[in-house]
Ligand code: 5RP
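Just the one chain here, the form predicted alone, laid out as structure tokens.
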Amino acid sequence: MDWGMKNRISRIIKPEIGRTVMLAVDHGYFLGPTTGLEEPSKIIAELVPHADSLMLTRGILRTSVIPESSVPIVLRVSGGNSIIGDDLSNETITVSVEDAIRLNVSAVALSIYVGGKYEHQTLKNLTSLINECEKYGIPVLAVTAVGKEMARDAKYLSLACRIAAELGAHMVKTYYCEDFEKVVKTCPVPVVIAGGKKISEKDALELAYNAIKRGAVGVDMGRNIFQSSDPVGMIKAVRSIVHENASVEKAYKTLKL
């Protein structure tokens, strides 16, 4: 791994602690105006001071993040379907590596659907993206998306994460599960957990705490932050767990719910 690649990863996963709080605001690429993200520029401006990086699309980066911002960008570069389409897993690469470089991103992100109808296509998307990004020292985050037919258990998630790493992904985003430490142990690249659908604030904090305790380098949360009744308080609480090893109770008490 060359200097440029290491430098970009260090912007996202803070080397002094080896942890990260990523803020996911890329949901509109298939959900449209998601609740809490109807006016993305407003909520991003409130939350970005407390995030280690932003995961978002090219369009939202251009329209809703000020150019003066120094926050590292993880750019979503896969898509091609909507929530009302036939199959969300039928994705393709939607952004060129050259455009990602023009946007000065720190990493790019793409979903894979291991075991799904379009498994081969999405894994080929991943390898094609990695091959191009290696030329320019751009890290690739593989997102192990899970279809309705797949169980979110350690056996499946270990399979998906390991395949992503074997194909050359530099980081993996996946779901938390029982025996999560097995997923981390068998994945040779850093693992970040997805926040998933909105749950109670306390449950989301417990999710973050358990994932970090069992080996994740951080969280990539979206709906559990921007759909909270106290979004700023929630990202601060998550950050205290990830970066300061705060307890769930201590973090939860700081919220204004």
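In this text, residue numbers run from 1 along the sequence as written. What you see is a predicted model; the values in this text were computed from it and never measured.
Another form exists, predicted together with the ligand; not displayed. Remarks below refer to it.
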query	finding
Contact stretch among 46-54, 29-37, 60-68, 228-236 - heavy atom within 4.5 Å of the ligand in the predicted complex	29-37
Heavy atom of Gly222 within 4.5 Å of the ligand in the predicted complex	yes
The ligand contact in the predicted complex: Gly195, any heavy atom under 4.5 Å	yes
Interface membership of Val143, the ligand in the predicted complex, 4.5 Å heavy atom rule	yes
Close approach of Tyr176 to the ligand in the predicted complex, 4.5 Å, heavy atom	no
Stretch 72-101 - residues with a heavy atom within 4.5 Å of the ligand in the predicted complex	Arg76
